[in-house]
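Okay, so here's just one chain, in structure tokens, the form predicted alone.
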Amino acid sequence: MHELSIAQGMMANLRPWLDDQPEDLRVLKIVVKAGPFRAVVPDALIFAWEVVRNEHPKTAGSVVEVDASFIEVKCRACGESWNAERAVFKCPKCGSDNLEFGGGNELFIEKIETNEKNM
């Protein structure tokens, strides 16, 4: 379950920022952008964050929301373009495997909602 490593990495990256914030700041929600090539299982990341969030008092009650992105696919043979939720290997229009991919590899904190303001 690599989602636990992702949650631990999120905490490691957030900790310095959290330590610089006012004592009364509380993180309510963290929105994570995750592309299909990252193979993040949303429920597993949500569960992993529930374990890790208690490592810092400012994140103890927070939740994670996963915002799934798409893979932009273009067929080099016929020019067909579409968004895919998972890896594809053939064009649905012409059957070619000569595809060009864009995006789908994202994995980052998109937004942090706190009791004070959105970050």
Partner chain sequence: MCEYCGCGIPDGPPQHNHEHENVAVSPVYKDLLAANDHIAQHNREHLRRMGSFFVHLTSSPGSGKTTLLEKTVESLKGKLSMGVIEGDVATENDAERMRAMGIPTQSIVTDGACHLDAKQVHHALGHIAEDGKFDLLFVENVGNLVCPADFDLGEDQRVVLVSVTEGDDKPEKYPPIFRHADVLVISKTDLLPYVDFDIEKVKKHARVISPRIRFFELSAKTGDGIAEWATWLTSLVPGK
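Numbering follows the first chain given and starts at 1. Just so you know, these numbers come straight off a predicted model, no measurement behind them.
Form predicted in complex with the partner chain: not shown, discussed below.
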May I ask you to check whether residue 70 falls inside a 4.5 Å heavy atom distance of the partner chain in the predicted bound form? no
Is residue 107 close to the partner chain in the predicted bound form, meaning a heavy atom pair under 4.5 Å apart or at it? yes
Against the partner chain in the predicted bound form, would residue 24 count as a contact residue? Criterion: heavy atoms within 4.5 Å. no
Give a yes or no for residue 29: in the predicted bound form, does one of its heavy atoms lie within 4.5 Å of a heavy atom belonging to the partner chain? no
Report whether all of 14, 17 and 97 sit within 4.5 Å of the partner chain in the predicted bound form, measuring from non-hydrogen atoms. yes
If you look in the predicted bound form, which residues in 66-84 sit within 4.5 Å of the partner chain (heavy atoms)? none
